[in-house]
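Quick setup: one chain, the form predicted alone, written in structure tokens, and binding and motion questions come after.
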Amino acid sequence: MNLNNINFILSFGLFYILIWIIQIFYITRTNAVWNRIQLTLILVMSYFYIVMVDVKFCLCLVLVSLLTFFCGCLIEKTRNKWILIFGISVLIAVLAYFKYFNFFISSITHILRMNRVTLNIMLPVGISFYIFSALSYIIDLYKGKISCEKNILNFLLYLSFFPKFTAGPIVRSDYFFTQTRNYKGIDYKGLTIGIQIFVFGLFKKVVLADHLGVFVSDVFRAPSAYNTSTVILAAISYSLQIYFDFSGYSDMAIGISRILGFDLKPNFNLPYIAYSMPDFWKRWHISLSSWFQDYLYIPLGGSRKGEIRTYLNLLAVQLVSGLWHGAGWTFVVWGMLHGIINCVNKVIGKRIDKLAKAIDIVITFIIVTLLWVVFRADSFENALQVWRGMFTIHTGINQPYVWSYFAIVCLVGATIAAVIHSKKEGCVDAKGNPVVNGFYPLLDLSKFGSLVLFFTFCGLTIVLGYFGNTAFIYGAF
């Protein structure tokens, strides 16, 4: 289920018109009646999109949803720790079976030098995201942070809500159920805001990320065939590709949600201006990073049990994060390297001086880019080939890829705009220090000039877009 697919866009448009027509038809009914009908339609639409991918994926989701719902009801009623343990164990077992069983069997047979064995196990779309949502729900219930959701339709919608289903963001249950319980339906304001955010994300995906992906794939396939500068440019291009791809999906999901009357929190906040690795993870895939902090790092003891334990906890979290991203040793090593650098950052601490901070931003981007090579590579050998191509002076194909430079200009321009906007708005952190936050450049579509700008941007997105490989990178996780 790709949000940038023309079939999806057309079907969603028809679905929205249906909701709008029914809303007018039921205008004389009570809000509660209409809101229930509308939420039910959104639930039906969510399952429709999943069934269109594979009906077996839908069956897996239903079973996980029902298990989590009834576990939640029993936990609130009995506060029995064993029910929580049972629920967590089953959810993790489901994720482990579908996502990691082949990886485990393959690794064992390789170590024992046996014939490699693989089973034909499907990987249900979105399973990493809805399993983590389910886990946070029953854990928060047991801790008494939230109350049990008694309406099973609302709960089914929580795990299946189609904008966030394929690649997040991971929405906490209390935040989502607050919106379903106080749902007000669709409106013109939500439409105008949502459609702009959606197109903004679509531009990131089809104009920037997908064009970059063509170049990155060519170079990573045979890095030794290209000269040093081209390999370096390809590594930088992948850093940009994965950012524009994933943040583009998040923007599209947020935009569609706003159109439907839901408000999802931003999942990225200018990660490439991070001055350290911990700061990077506060800005990259925010919903996942906060999930690991709340449900793994803090329960393990966080930074409360001494320095050695803190470093071990950081390593454990990053190792699990690597495994979450993919069932492969390259992901494990990628996570461990991030964990080690996080520990080093914690020892060094952060520097406040502006010049030192600017240098730290450059250093952090370089480190992140080098680690993305491991993430992207098909194997360790492939990663070493790319690194070797980056750090040895050699001749080969020279390809100054235009879209890479265009993407860099877009990223720098957006960052400068964010700096200006943040200063104008007086953005500060919890301690009152000035910060730079990303924002959506929304237009007032009630004005003619704004409509011209918006439709010009839509036209440029269509004309400049690459419509070959449309799959989202994080859709595979």
Partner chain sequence: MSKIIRCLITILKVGLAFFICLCILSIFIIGYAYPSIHTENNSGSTDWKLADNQLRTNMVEGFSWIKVDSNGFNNEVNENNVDNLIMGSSHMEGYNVNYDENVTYLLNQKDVGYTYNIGISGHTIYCCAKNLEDALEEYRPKRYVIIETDTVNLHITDMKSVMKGTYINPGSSIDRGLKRKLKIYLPAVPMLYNQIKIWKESNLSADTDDGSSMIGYKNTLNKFIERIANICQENNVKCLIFYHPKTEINGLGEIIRYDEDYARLFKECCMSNGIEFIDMTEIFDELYSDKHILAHGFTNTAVGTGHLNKYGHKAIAEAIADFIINDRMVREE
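Residue numbers count along the first chain shown, from 1. These numbers were taken from a predicted model, which means no experiment stands behind them.
The next section is about a form of this same protein that is not shown, the form predicted in complex with the partner chain.
For a residue to qualify, one of its non-hydrogen atoms must sit within 4.5 Å of the partner chain in the model of the complex; none of F12, L14 and I21 qualifies. Though the partner chain is absent from this view, in the model of the complex it lies within 4.5 Å of a heavy atom of just one residue from L63, I420, V452, V44, which is V452.
Contact with the partner chain in the model of the complex, defined as a heavy atom within 4.5 Å, holds for exactly one of T330, N345, Q399, T192, namely Q399.
In the model of the complex, the partner chain lies farther than 4.5 Å from every heavy atom of I108. Contact annotation: E76 falls outside 4.5 Å of the partner chain in the model of the complex, judged by heavy atom distances. Put simply, D218 is close to the partner chain in the model of the complex: some heavy atom of it is within 4.5 Å. Not displayed here, the partner chain is kept clear of A316 by more than 4.5 Å at the level of heavy atoms in the model of the complex.
Only one listed stretch (224 to 232, 359 to 367, 337 to 345, 88 to 96) carries heavy atoms within 4.5 Å of the partner chain in the model of the complex, and that stretch is 224 to 232.
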